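Below, in structure tokens: the form predicted alone, a single chain.
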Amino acid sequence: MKALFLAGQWRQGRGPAARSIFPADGSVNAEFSTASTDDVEEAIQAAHQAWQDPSWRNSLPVERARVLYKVAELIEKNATELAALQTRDNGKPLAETRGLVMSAASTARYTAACLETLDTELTNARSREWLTMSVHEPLGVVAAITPWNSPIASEVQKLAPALAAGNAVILKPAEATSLIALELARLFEEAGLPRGLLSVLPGKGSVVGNAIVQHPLVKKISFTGGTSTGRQLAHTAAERLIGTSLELGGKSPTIVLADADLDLAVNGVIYGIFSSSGQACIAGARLFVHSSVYDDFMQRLVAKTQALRVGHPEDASTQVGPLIDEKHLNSVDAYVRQAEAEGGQILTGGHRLTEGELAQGTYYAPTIIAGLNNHASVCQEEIFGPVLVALPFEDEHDLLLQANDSVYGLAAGIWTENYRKAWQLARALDVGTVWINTYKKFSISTPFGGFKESGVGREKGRLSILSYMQQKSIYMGLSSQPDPWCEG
């Protein structure tokens, strides 16, 4: 049984054993150890001691950056094995997991570069009698809780800036996809990260996650996952007066204007919803198409969707892999059945795939639904699967009312040849990220996060390190004369 990583030690956890299951055929990848609440206590106490040690928190930025550069090198060196492991863990096709692995390497390298160039700030002089400056100090022990859909990218996106800032991190990966997090621990260990600064504690969120975030020594919660869990964590953080970074759910609109390049838009819309089998918070799940091009566009979209290659994730030709597990597949199918009950028309898909080797796994056909309005449950609730709902619109006022009519505000896509119009729409959409004539592209240098119930705070970007620090102001008196208030 695979051990967990507790404060620099590989050992068996005191929680129940868990399994990693390959979604393509239901086979067992590995059994691994999970943490108990006693393990959580031990890891956090060790992390607190390691963080207090000045050899890390007071080390030069270049010294902490050196560890992250080495992590980036090791991720790239082991890219093939890491991609294969993530594919086994969550069923994403190898082409996607290779991209996620390289993204993780880029995150570590970029964060290291930012750390080396992040300057202490002299603030504007307001007196000749004193000098003022602003510095940032590490928070202490940080809780990082990551999802199952893109684990390696999400984990390094939290670990790199938190460690760069001088903190210690307790990483609680999704129980279904813990193997890749444990491999990352090995790479950080090999890169020379001091002992105690990182623990990887697999286990159930209701047990291990709760014990971590409620611990008095944990000073920040960084979470990526569902909105309901994020809301619970926000309550916990509010009660404890600690900071949060919450990257939550979405129901992102994609918009095709009358002047759009339809072939380009068809490809982009398909990639935006059906890559990762729709298991992405930023999936473009609501499609708004101008009525003048709706019929033509939908005909092309359905034809191309039906040509997608659904298959084994280890097959290089596969475009759409399985869903994470049986429970999730049943949830996706229930939404499709609900859409039918509400009057929706299934243009393609809408069922489980059971032909040949697909019968062994949790495969669901890429699905397009029409004939509903934006108030339907499949238009308002996050399905997290390969289900697209198409809606025509007449004018931009009507479009914006519908596109913004959601509790979520994570992302949006716009397809048009009129960049003035694209800019105006991008500014009017209540979302954190807008793609224009592209979709689901990411840059580590560009901040990411959502509006409304899609989250709080931002990840990525040059200043992401500062989100894991607390600001301090320092005044230095320059005058050699006594303060006149004391005279007299």
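The first residue of the sequence shown is number 1, and the count goes up from there. Predicted, not measured: the structure shown is a model, and the values here were computed from it.
A second form of this protein, the form predicted in complex with a small molecule, is not displayed here; the remarks below concern that form.
- Although the partner is absent here, residue 148 lies within 4.5 Å of the small molecule in the predicted complex, judged by heavy atoms.
- At least one heavy atom of residue 206 is located within 4.5 Å of the small molecule in the predicted complex.
- The closest heavy atom approach of residue 318 to the small molecule in the predicted complex falls outside 4.5 Å.
- Interface residue remark: residue 174 is counted as part of the site for the small molecule in the predicted complex, having a heavy atom within 4.5 Å.
- Stretch-level contact analysis of 113 to 121, 207 to 215, 412 to 420, 264 to 272 against the small molecule in the predicted complex, using heavy atoms and a 4.5 Å limit, identifies 207 to 215.
- This chain appears without its partner; in the predicted complex, the one residue of 200, 83, 184, 233 with a heavy atom within 4.5 Å of the small molecule is 233.
- Among the residues 78, 402, 103, 229, the one placing a heavy atom within 4.5 Å of the small molecule in the predicted complex is 229.
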